[in-house]
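Read the single chain below, which is given as structure tokens and is the form predicted alone.
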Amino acid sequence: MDRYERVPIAEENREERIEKFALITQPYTLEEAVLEGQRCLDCAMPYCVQGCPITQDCRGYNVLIGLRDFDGAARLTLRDNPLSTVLCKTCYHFCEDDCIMSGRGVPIAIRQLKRAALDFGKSDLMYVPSKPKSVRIAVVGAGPTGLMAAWDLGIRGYSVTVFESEPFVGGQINTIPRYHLETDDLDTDLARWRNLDITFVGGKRAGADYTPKSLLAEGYEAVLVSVGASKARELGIPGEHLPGVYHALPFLLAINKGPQGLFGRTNRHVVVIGAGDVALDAARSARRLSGGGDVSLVYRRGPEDMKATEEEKEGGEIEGIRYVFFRAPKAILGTEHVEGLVVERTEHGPPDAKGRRSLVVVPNSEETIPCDMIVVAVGEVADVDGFEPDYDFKFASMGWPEGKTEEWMTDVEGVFATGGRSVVHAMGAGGRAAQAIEEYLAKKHGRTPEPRPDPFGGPTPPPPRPPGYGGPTWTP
């Protein structure tokens, strides 16, 4: 086998995939996984680990799979990653971007090997908490950030309560289309947590039913605010609130819960406004449910400025999404229901203060795109209504609230806040926040902070990075 060529990953063809929500990417067979694992160079400086927001020891499980030790690979995967079943199908595999093989050929299929580790290794392992510390911690928000922090703190022996406004956990994981993630994958991951002292409280809204300060008053010694960015940004154009206009995250959640109420008839003409991964998720999902109709994605800039990953963009192209570039929404037409989207042509102007090419509207360039459904996917902001102003949150560029210090502490002692731009980045933020909370509580109780213990009750694992590493290559 040529070491520089990846073992092919099978996918459903276009005709099959657009008719249903079955997984597109197919798993490796055992022998395919072994061959791909044997391509790993076992680098002394594993840049793949440095590229991973949760510093997962992907080099380690690659090598173990190449040696046919699938049980060891599964254990190593689950040691660092409590949402492995989710990430082995949905992660944007930043680790592969830093794989040294990408400079010589094709990077190792690290995400696919993670999936093989769980498929062929013993993955029904249970996490084991350390000795109870008799300290209560509250986590506000059960998305990827909150889940990672709760798991990390739970295996350290803390008693953790996770408050969530929805009746389910997972946050935006629940909006990932079923052609990427199967219905019970998150439940499979959470089943490994059953021995940890973690309690989920659903249907309680921060700012209305409680606040971080009220939780401190109830006896929680630290509170992590991990509410993410779930409140849709609006376009601010006429007609935005007509029936038939949806925002992307509720749209995707509704599809996963049952799309019948959304689509109702065949031959739908759908326009999605936006150019990120969520916009592509919405467009590709609508394509499957349009009943022989068509789906257009409208973006005010060009293809080179799209924020969606190459994987999503290529998927949209394969599935027949029509890309309409350099069009800015001006108004949504209709009286009792959406009838069309009015757009104006745009073009590049001079660079702005940050060097990014500005956009200018071309005069007298209005045109109408006929449609009967519009999905707005232009980003989200945090919903912090009802929170006291005392925390003085800093808001990340993509909307979630953060504490202003390097340790994520807000202006209220004991209250931390953080988040991330994708599932794995959010998990990375949750892990760092958990370590910051450990350091804060250790100082408060007069003890030495401890690293995260082995979640299976073994000796504390060494850091996955060797001496000499610089900072991470990823952006929080």
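Bear in mind that the values here come from a model prediction, so they are computed numbers and not experimental data. Position 1 is the first residue in the sequence shown; the rest follow in order.
Another form, the form predicted in complex with a small molecule, is not on view; read the next lines as being about it.
Not displayed here, the small molecule is approached by residue 176 to within 4.5 Å at the level of heavy atoms in the predicted complex. Mapping the unseen interface onto this chain, residue 420 counts among the residues with a heavy atom inside 4.5 Å of the small molecule in the predicted complex. Contact annotation: residue 143 falls within 4.5 Å of the small molecule in the predicted complex, judged by heavy atom distances.
Under a 4.5 angstroms non-hydrogen atom cutoff, the small molecule in the predicted complex lacks residue 76 among its neighbouring residues. With the partner omitted here, the stretch from 319-327, 197-205, 388-396, 95-103 that lies within 4.5 Å of the small molecule by heavy atoms in the predicted complex is 197-205.
Note on contacts: among 182, 166, 221, 372, the single residue with a heavy atom within 4.5 Å of the small molecule in the predicted complex is 166. This chain lacks the partner; the member of 155, 298, 278, 88 within 4.5 angstroms of the small molecule in the predicted complex by a non-hydrogen atom is 278. With respect to the small molecule in the predicted complex, the three residues 66, 120 and 190 uniformly fall beyond 4.5 angstroms at the level of their nearest heavy atom.
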